[in-house]
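In the form predicted on its own, a lone chain appears below as structure tokens.
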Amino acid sequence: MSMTGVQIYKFLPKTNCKKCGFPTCLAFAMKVAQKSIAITDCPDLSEESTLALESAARPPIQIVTVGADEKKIEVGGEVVMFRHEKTFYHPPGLVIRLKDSTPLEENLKQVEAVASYQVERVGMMFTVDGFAIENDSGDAAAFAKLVAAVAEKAPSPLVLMSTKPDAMKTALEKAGPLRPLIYAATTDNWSDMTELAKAHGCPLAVAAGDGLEGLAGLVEQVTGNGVENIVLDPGGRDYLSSLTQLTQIRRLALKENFRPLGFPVIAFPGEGTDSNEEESMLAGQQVAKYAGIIVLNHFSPSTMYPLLTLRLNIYTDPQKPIQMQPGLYPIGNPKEDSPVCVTTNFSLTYFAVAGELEGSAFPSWLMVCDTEGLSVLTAWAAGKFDAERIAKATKEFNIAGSVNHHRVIIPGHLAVLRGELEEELSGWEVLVGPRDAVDLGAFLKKSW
């Protein structure tokens, strides 16, 4: 059962030392009860209290890591049912399925295409997260050969799919250091698979075909045998069963603190649909509710980009806008006599302005001010985009050292700041640009 803040407070030192970042021990206890922070953030907690508070220290959904380097997939750790309540923390991993019954050369061409795919959005670079390799042939040697080839050609997080312990053991000899996800422990093989997971330090997927009750019972057997890094496969494959089971698992973990189902979930949208398009649609549903790892049977840029965009939108903190790093950005190949435009560091604003400048045939300098991720009018209304801040950024980024003129263009919505900014920037001429970024090209052609 989850503990209340008052119950947790009884185990704390009660010194109000503030080392945890909170003014009082009671305030800290309340945050722990809300699953917002870990109990281990208290540096003076005794060993006895730490053990007693284990249930409060662990997140309601266990964090599980697949992979061993910077490309690792980290899933779980969620604390809310709905994004607007707080935020979602760990976006689901998107992996492409390969079968060892397919010719090796064909598989490696697919690996190369997937590994080379990347797309930039709002200043961030996105790729496919990894591969799921299935022992479709039933041949342990073919399975291990494909695993080794993929691990060498494109080292990335792997899901190894076989219910045969012998085949899994052979594959892990090739990829064990990459900490792949072992799929899967079932009612028939769970003891052997658990031993393999412990021997190689790998997370283990648990699959039971008799509903959530059977899945919970199998998880208890696996955890009782010493494996805590678990991913669940509840078995539902179509739209309705997937949505129902994943929602029930999330609700039981968060609302009822039901430990046997307090783990991230793996989903297989290609097994519940009849076409590439339907697979993408079901994968989109599972991105939103509530998959941790999504295994896709097909790969194409046209379907991957919408999924990556959807994932970005859902797993962006609704209380923290996506921001660009403040600074001076060259758009095109600007010279000393190129115009200097000013905008905020809200990513969508930046890309709207930068895109129009790129298409205007006027190479330009774009000065991005720190407005804490707010758009132009919002930042101005909040007092975070005023003459003083713009003048400070102009000096901080040494605009005068990049151009041979003293002219700067501010957004049309900030015309009211022109006089104040010219006072702050002595000797500079302030031009008032258009209200909308789409009019920048025409404005520069006429006024520059």
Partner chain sequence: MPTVEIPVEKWSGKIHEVRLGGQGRKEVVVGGENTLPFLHFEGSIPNPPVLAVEVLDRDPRDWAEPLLQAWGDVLKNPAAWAKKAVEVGANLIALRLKTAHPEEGNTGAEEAKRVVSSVLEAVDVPLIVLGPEVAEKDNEVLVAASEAGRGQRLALGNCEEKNYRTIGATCLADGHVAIGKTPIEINLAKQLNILLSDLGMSQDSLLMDPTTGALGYGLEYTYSVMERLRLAALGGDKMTSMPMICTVGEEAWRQKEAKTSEGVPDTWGPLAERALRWEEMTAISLLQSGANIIVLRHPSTVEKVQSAITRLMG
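Think of the rigid core as the biggest set of C-alphas that the two forms share within 1.5 Å after superposition. Residue numbers count along the first chain shown, from 1. The structure displayed is predicted, hence computed values, not measured ones.
Form predicted in complex with the partner chain: not shown, discussed below.
Colleague: Using a 4.5 Å heavy atom cut-off, which residue among P91, P334, P321, G236 comes into contact with the partner chain in the predicted complex?
Modeller: Only one listed residue qualifies here, and that residue is P321.
Colleague: Of the residues G138, G359, P363, G123, which one places a heavy atom within 4.5 Å of the partner chain in the predicted complex?
Modeller: Spelling it out, the residue with a heavy atom inside the cut-off is G359.
Colleague: Which of 160 to 168, 242 to 250, 93 to 101, 130 to 138 has heavy atoms within 4.5 Å of the partner chain in the predicted complex?
Modeller: Of the options given, it is 242 to 250.
Colleague: My question is simply whether Q325 lines the interface with the partner chain in the predicted complex - judged by any non-hydrogen atom within 4.5 Å.
Modeller: Outside the cut-off, so no.
Colleague: Taking the partner chain as it sits in the predicted complex, is A442 in contact with it (heavy atom to heavy atom, 4.5 Å or less)?
Modeller: A442: yes, in contact with the partner chain in the predicted complex.
Colleague: Although the partner isn't part of this model, could you tell me whether W190 comes within 4.5 Å of the partner chain in the predicted complex, counting any heavy atom of the residue?
Modeller: Judged by the heavy-atom cut-off of 4.5 Å, W190 is well away from the partner chain in the predicted complex.
Colleague: Consider E195 of the chain shown here, and say whether it contacts the partner chain in the predicted complex, taking contact as heavy atoms within 4.5 Å.
Modeller: Because no heavy atom of E195 falls inside 4.5 Å of the partner chain in the predicted complex, the answer is no.
Colleague: Is any part of 268 to 283 within 4.5 angstroms of the partner chain in the predicted complex by a non-hydrogen atom, and which residues would that be?
Modeller: Going through 268 to 283 in order - heavy atoms within 4.5 Å of the partner chain in the predicted complex - the hits are G272, T273, D274, E277, E278, S280, M281.
Colleague: Indicate whether N333 shows a C-alpha shift of 2 Å or more between this form and the one not shown, with the rigid core used for the fit.
Modeller: Yes; N333 is a residue whose C-alpha shifts (by 2 Å or more) between this form and the one not shown when the cores are overlaid.
Colleague: Using a rigid core alignment, state whether the CA of P318 is displaced by 2 Å or more between this form and the one not shown.
Modeller: No; that C-alpha moves by less than 2 Å between this form and the one not shown.
Colleague: Establish whether a shift of 2 Å or more occurs at the C-alpha of V353 between this form and the one not shown, with the two forms superposed on the rigid core.
Modeller: Shift at V353: 2 Å or more after core fit.
Colleague: Closer or farther: how do the Cα atoms of A437 and R121 compare in the predicted complex versus the shown form, where the change is at least 3 Å?
Modeller: The answer is farther, because the C-alphas of A437 and R121 separate from each other in the predicted complex by 3 Å or more.
Colleague: Would one find the Cα atoms of A437 and Q118 closer or farther in the predicted complex than in this form, where their distance changes by 3 Å or more?
Modeller: Compared with the shown chain, A437-Q118 is farther in the predicted complex.
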